[in-house]
Structure formats: structure tokens, C-alpha cells
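Before any questions on how it binds or moves, here is one chain, the form predicted alone, in C-alpha cells.
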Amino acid sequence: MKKKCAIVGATGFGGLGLLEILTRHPELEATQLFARKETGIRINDIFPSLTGFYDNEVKDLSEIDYNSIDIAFFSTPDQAGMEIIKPFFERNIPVVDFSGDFRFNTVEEYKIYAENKSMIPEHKSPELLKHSVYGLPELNREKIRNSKIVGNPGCFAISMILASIPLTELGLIKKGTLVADSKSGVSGAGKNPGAANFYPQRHENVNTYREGRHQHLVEVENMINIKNDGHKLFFIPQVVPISRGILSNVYADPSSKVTSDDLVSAFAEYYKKSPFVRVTSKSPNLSDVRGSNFCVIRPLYDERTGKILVTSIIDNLMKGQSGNAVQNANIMLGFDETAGIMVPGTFP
């Protein structure tokens, strides 16, 4: 018998991504769907692509049946999950939260995140932060396995951490500042993106934003300094006129003489037990990972300038969101880590 999950925030891109994955998941099914808006409507009337797969009615969270849930996904905006997680925690129901509410273990770290995003810095469930685990399986697999609260990482953060962590943990770069420029598709802004992503303003347009003060800085610097203190990140996010995908370029100075072949070998060894990370010596394309949970990484040493470049690509709605969330859930529930998400990308 399949395990049962609830999706809180089922009518957004994150909820849709979860349901698309769960149509093929051998061990997990969605039995309760909730949202603040669009309640009383069947989910396939909101997303017709789900017709024949899921036709559950979307309900208000007040109608939840806690006794029929094995795990819950909070595909909710920042500062929503922190208000509703306590009843789940008290009932020992594991939760994967998509927002930044539980990516940190201290109120001080959360405050930096919130202020960078111009939000109220107060955390409404601070006593639960010590129980949360940062949900990047490639780094925290064992902690995730035993956790009841997992904070799914930010999409930008996943692409940058996976590109950077071998450099810092293996001592391949000098201590100091890494520079990352990352380009994201418009779907990263969610289903209701606001005026900045209105089609006439986004089409054939590219812009930077929150340069050097993006909210994902905190979580990235936390991870790249786990074993080697002293690294900082200068992050320049950009939005490009595509629907989905993130391409991150990370630049750093090598700590000793190195070649591109050395870097490829080091990264391949580091990620040899990570089923969704692929290391290549070729220039990657976003279309290589569209619709998949894979992260493709290309490390390069430029002999002329003496710089290291690491390029990583992910689908922001899969490895950057729903796919990674299901990967976490698989680990938390004792399933095969790849269940339901070991599928190739969609091309073209």
C-alpha cells in the first residue's frame, strides 16, 4: 500500500510539480490537497494536464485529516509554513517545506535571510528551528533520514552549492570570495510573479537584482563553510526570458596548480554516490536537464587567466524545487532515493 501525503499549497507551480511526479511514484500518493485560494475546485480543473491522474478537491487547511498523512509537503510562500507546522510536528508527521522558513537552525541566520528579502525578520516558530535540517541530499543525506522537518533549499542555492562545495571541501581553491553569476527562468518567481515579470516587461529582456544581498546567500555560505571557514560569496542573480532552468557560473582562484582534467576527476569522485549529479567536461545546455532532477556540472581551469570556472545547470522547478523535495521525502520515508524522479530530461 502506498504512503499518503498532503500538499499544502497545491495550486502553485510547486504543488503541480509534486503531483506530476506522484503520478509515477511507486510508493507515494497525494490524498489531501490544500490551498488558501481556489478551494472547492478539483485540481484537474485548475491544471487540466492532471486529468485522469488526480482529480482531488482542493480544500481549506481547516479540513485536514491528520490521521491519514504519512508526510506533508508545504509548497507555500515564505512565512506561511512557520505558522502551520506545529500541529504536524506534534503529531510526528514529517514535513518538507519549500520556503526559507526552515532552512536555518538559528533565528539570527533566519533574520539575515528575511531582511535580505525585505520581510519581517521575526520567526514565529523559533523553537522548531533546532529540529530542522537543510534539505540538500548530496550533503545531508543521513541528517535528512532522521529528520521530521526538512527545509528544501532555494533553487539558486542548490545550483551554486553543488558547483562550489567540492572546491571548498577538497581545498581546491584559496580561501576568500567566490563569485557566482546565475541566470534563472521566469517560473522561479512562482505562479503569481507580479509586475516585474509581466510578459511585455520580461520578453527579450535580462536584468540583475539584489546584487550581493540575495536571500540565498546565507544558505550557500553556511554550506561552503562547513569544513573550511573563511569563504564568502558575491552573488549576482539574473532573470532571463525563458520558462524554466538555472545556469550558474562560479569563479574562484585555485589553491595550487591544477588542470581541467584534475577538476573533472575530483568532482566525479566527490559525487560518485550522488545519483542526480552528473559531471562533464563539455559545455552544458539548460535543455539537457529540463523536466529532470539532474544537476549537470562542468568544472574548468582557464590557463590564460589562472581562474577556475564551474558551471552548473538545473531545472529550477525540479532539482530546484519539487524533484528535490521528493528526493528528500524518499529518504525520510526509507524509499529508494530515486523513486519517482529517475527520469530523463525533456528535449527539445
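Start at 1 with the first residue shown and count on from there. Owing to the predicted nature of the structure, the values given are computational and were not obtained by experimental measurement.
A second form of this protein, the form predicted together with a further copy of the same chain, is not displayed here; the remarks below concern that form.
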Worksheet item: in the predicted bound form, which of the stretches 160 to 168, 177 to 185, 101 to 109, 73 to 81 has residues with heavy atoms within 4.5 Å of a further copy of the same chain?
Response: 177 to 185
Worksheet item: Of Gln238, Ser260, Asn222, Ser274, which residue is found within 4.5 angstroms of a further copy of the same chain in the predicted bound form when only non-hydrogen atoms are counted?
Response: Gln238
Worksheet item: Only one of Ile69, Leu28, Ile64, Leu286 has a non-hydrogen atom within 4.5 angstroms of a further copy of the same chain in the predicted bound form; which is it?
Response: Leu286
Item to complete: Spell out, yes or no, whether the shortest heavy atom distance between Phe294 and a further copy of the same chain in the predicted bound form is within 4.5 Å.
Response: yes
Worksheet entry | Contact of Ile242 with a further copy of the same chain in the predicted bound form (heavy atom, 4.5 Å) | yes
Practice prompt. Report yes if any heavy atom of Phe335 sits within 4.5 Å of a heavy atom of a further copy of the same chain in the predicted bound form; otherwise report no.
Written response: no
Discussion item. So, Gln32 and a further copy of the same chain: in the predicted bound form, are they within 4.5 Å at any heavy atom pair?
Written reply: no
Worksheet item: Across 8 to 30, which residues bring a heavy atom to within 4.5 Å of a further copy of the same chain in the predicted bound form?
Response: Phe13, Leu16, Glu20, Thr23
